[in-house]
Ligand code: 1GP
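One chain follows as structure tokens, the form predicted alone.
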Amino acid sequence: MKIWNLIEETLQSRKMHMTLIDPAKQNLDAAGEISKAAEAAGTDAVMVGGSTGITQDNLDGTVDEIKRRSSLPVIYFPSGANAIARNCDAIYFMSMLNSRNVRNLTGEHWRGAPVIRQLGLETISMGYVVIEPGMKVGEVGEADVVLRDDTARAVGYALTAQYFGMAMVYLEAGSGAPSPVPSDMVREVRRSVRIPIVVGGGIARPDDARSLIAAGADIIVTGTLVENGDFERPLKEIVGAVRDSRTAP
């Protein structure tokens, strides 16, 4: 089954959680152990990627080790065309809609697209929107970050993603953000678009996940949590909160 079909099918009955593993943040053995623990915790998929330090070697090695240690789908979360995960199950073909640099809108994409076609990888189109504070991804991506109280702008970007025909929209506060994307912002975006909403950055507690799901998020992503060691219990609690939550009408 294609990964997009799996996502669509799963979201018909419940919300999803994905674990983000950055190849530059740990060695291959640790990445494999994280994926094994994440699968045991009930996460639905592993996303692999990071803002800096991604090479073809550490990317391919990480994907291979994750696949060796778990049966989870692996989705490449790209930072550029310099490295493409050759053995991933799918790739988010995403555009940072609020970047000031055209490289992040379409520039890396035209470079990577022929390679993706040659490898025969499944693509999932995504509009990527960086929300304040943005952290490292906002800096590297030269994002004109959406302020936390500028809900109208977030809605506009989300609608742009939908009208461009993108499959999903990702609201990103940035890895290690002190707090997640505001629930009120997610709620207004949910009221405005039909496509699935992914939310990541700063989600460190079950209550964070519950609030975002209740506001209308479809997929919750956690990454920094698993980089800090001793993450099994908090990850399981967050995954449980996602699976047990219901979206508010």
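Quick caveat: nothing in here was measured; it's all calculated off a predicted structure. In this text, residue numbers run from 1 along the sequence as written.
The form predicted in complex with the ligand is left out here; the points below concern that form.
Per the 4.5 Å heavy atom criterion, the ligand in the predicted complex is contacted by stretch 172 to 180, the sole one of 151 to 159, 104 to 112, 172 to 180, 119 to 127.
Contact check for residue 35: no non-hydrogen atom falls within 4.5 Å of the ligand in the predicted complex. Remark: residue 206 does not count among the residues lining the ligand in the predicted complex, judged by a heavy atom distance of 4.5 Å or less.
Using a 4.5 angstroms limit between non-hydrogen atoms, residue 223 touches the ligand in the predicted complex. Proximity of residue 239 to the ligand in the predicted complex falls outside the 4.5 Å heavy atom cutoff. With contact defined as any non-hydrogen atom lying within 4.5 angstroms of the ligand in the predicted complex, 77 is the only contacting residue in 69 to 92.
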